[in-house]
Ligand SMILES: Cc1cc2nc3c(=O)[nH]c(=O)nc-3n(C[C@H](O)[C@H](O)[C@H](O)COP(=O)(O)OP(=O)(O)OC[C@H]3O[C@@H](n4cnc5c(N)ncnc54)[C@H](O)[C@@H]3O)c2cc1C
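Given next, in structure tokens, is a single chain: the form predicted alone.
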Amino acid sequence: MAGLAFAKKRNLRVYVLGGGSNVIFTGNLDGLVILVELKGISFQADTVQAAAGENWHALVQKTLDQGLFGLENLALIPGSVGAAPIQNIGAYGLELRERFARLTAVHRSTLETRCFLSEDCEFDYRYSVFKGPEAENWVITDLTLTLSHLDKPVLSHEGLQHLLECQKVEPNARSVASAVIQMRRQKLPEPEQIGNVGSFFKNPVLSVTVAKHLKTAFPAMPFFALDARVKLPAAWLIDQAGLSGRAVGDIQVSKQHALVLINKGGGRAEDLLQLLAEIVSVVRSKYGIDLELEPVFYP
């Protein structure tokens, strides 16, 4: 509150950071940077309320320790609790909105505190109202999720099912969490070891009609059902377009996972922007699909 009031009094633009795992800085920031470090986790019946500054993966682990289940598919996603609803984080067959109860946010200008229910957030694939028109207006302070004391894991993701079958372990919340952690570590470069922000592009969501046309032209193209639409893996598009391993300076498309761009140490903003432009252009030219970015760019 004090930081927002300070910025309002001096007419400063406010930049809000959580863990910074989904943010790209392309230059110096002119304004006030607020690092959200609010702490606190409380359990009541089948709900958990967590402050925005808590680490997301640590929260998942704590819910398991409390015998509350439902977040295991979202284990090891980097970032803070407050960032989770902004892009409706999702992985391995589950999205945050499926566990969402409510959140509290402070308006940056009026300092009003408001409770947002699910319908207020306008959740969609990697989207919420906090990535849309209201993105510059609110700072999330806490999040409440509805979980369950019944251990009934979500097993709709084929890769997850296959790994559990290969490991010959009983599918439950803890085995699913362990499998998800293993899969993420195998597929994605560790940010602590080499700079990256995880998935750089959203998986394109298409109408069934468009998907059928693409499938005719590219029979090997994989699709996944998403509500009444179809989701296409962006990593497949990038890899099949011959861009895996492509580099500009020290910024490179990861050979480990084509959806990830890595900084090998001396990467510059202009290198990143050049490589991004090339990826988007090549994929558009070959498939007629416009890739959308996941990270937030500052300034």
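Only a predicted model underlies this, so the values are computations on that prediction, with no experimental measurement involved. Sequential numbering from 1, following the sequence displayed.
What comes next is about the form predicted in complex with the named molecule, which does not appear here.
- The stretch among 204 to 212, 115 to 123, 182 to 190, 219 to 227 whose residues place heavy atoms within 4.5 Å of the named molecule in the model of the complex is 182 to 190.
- In the model of the complex, the named molecule lies within 4.5 Å of some heavy atom of residue 298.
- Remark: residue 128 does not count among the residues lining the named molecule in the model of the complex, judged by a heavy atom distance of 4.5 Å or less.
- Put simply, residue 294 is close to the named molecule in the model of the complex: some heavy atom of it is within 4.5 Å.
- Taking non-hydrogen atoms only, residue 91 approaches the named molecule to within 4.5 angstroms in the model of the complex.
- Only one of 258, 262, 36, 68 lies close to the named molecule in the model of the complex, with a heavy atom inside 4.5 Å, and it is 36.
- The partner is not shown here, but in the model of the complex the stretch 69 to 89 reaches within 4.5 angstroms of the named molecule through a heavy atom at 77, 78, 79, 80, 82, 83, 84, 86, 87, 89.
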